[in-house]
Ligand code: IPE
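Only one chain is given next, in structure tokens, and it is the form predicted on its own.
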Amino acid sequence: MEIKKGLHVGIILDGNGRWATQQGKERLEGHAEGVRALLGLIKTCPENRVQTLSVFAFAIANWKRDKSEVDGIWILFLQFLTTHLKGLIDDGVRFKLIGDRSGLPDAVLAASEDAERRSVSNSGTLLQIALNYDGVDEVARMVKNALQNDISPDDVTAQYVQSHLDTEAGNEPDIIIRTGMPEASGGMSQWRGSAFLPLQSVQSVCVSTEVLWPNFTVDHLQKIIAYADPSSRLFGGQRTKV
């Protein structure tokens, strides 16, 4: 299958902690390995015609984890934003932060918005990182903004909703991948969206893999794209052949 130009792939990055446990390492080392996996994948996006890569890196619910782990995760994010992302931006990557910005650590927010400003004119891969994100919270923020700006009910159309989410309207994910899910058993496998882009993914092909995120490679990505075959979607139309 030929990969469609401009493919948008979303990934729920799961399995860092389990990877670390399997390796006899601290959980934070698993998150660090996950950053390396992400860097490797971003660099392969152009050759795989992935125009947009959206990753779920930190959910609002993740604040419930041990403080030491959360603090360490934010340090890793800050390193990524201030060190690794610079080279990616120089190579043409455009960065966009999605999530509730008001709840981010000041240094992480400042580095994220600086990266957005520096890359706003880039035309390469669009990298969207969800930090302090939850899809229901995203909708709540959108509704609150509409009320605060006295938006008329008649103006609240499907296009209005799409245009006021954290992501860009008209650039919804073709495929959503969740790593670290159980292997299929008895002809069934589990899938959890975990509130990642719930409105944007209504027409996405959703695929789970048992591969833990630190072990995820471009080979896995290529196989999932071929398996998902998003170009075959009917978007509500009728299939003419069976």
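Only a predicted model underlies this, so the values are computations on that prediction, with no experimental measurement involved. Throughout, we count residues from 1 along the sequence that is shown.
The next section is about a form of this same protein that is not shown, the form predicted in complex with the ligand.
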In the predicted complex, does every one of Leu13, Arg65 and Ile73 come within 4.5 Å of the ligand, counting any heavy atom?
yes
Taking heavy atoms and a 4.5 Å cut-off, does Arg18 contact the ligand in the predicted complex?
yes
Is it the case that Ala57, even though its partner is missing from this view, gets within 4.5 Å of the ligand in the predicted complex, heavy atoms only?
yes
Is there a heavy atom of Arg27 lying 4.5 Å or less from a heavy atom of the ligand in the predicted complex?
yes
Interface membership of Glu69, the ligand in the predicted complex, 4.5 Å heavy atom rule
yes
Residues in which of 169 to 177, 194 to 202, 42 to 50, 27 to 35 have heavy atoms within 4.5 Å of the ligand in the predicted complex?
27 to 35
Residue by residue through 162 to 192, which ones have a non-hydrogen atom no more than 4.5 angstroms from the ligand in the predicted complex?
none
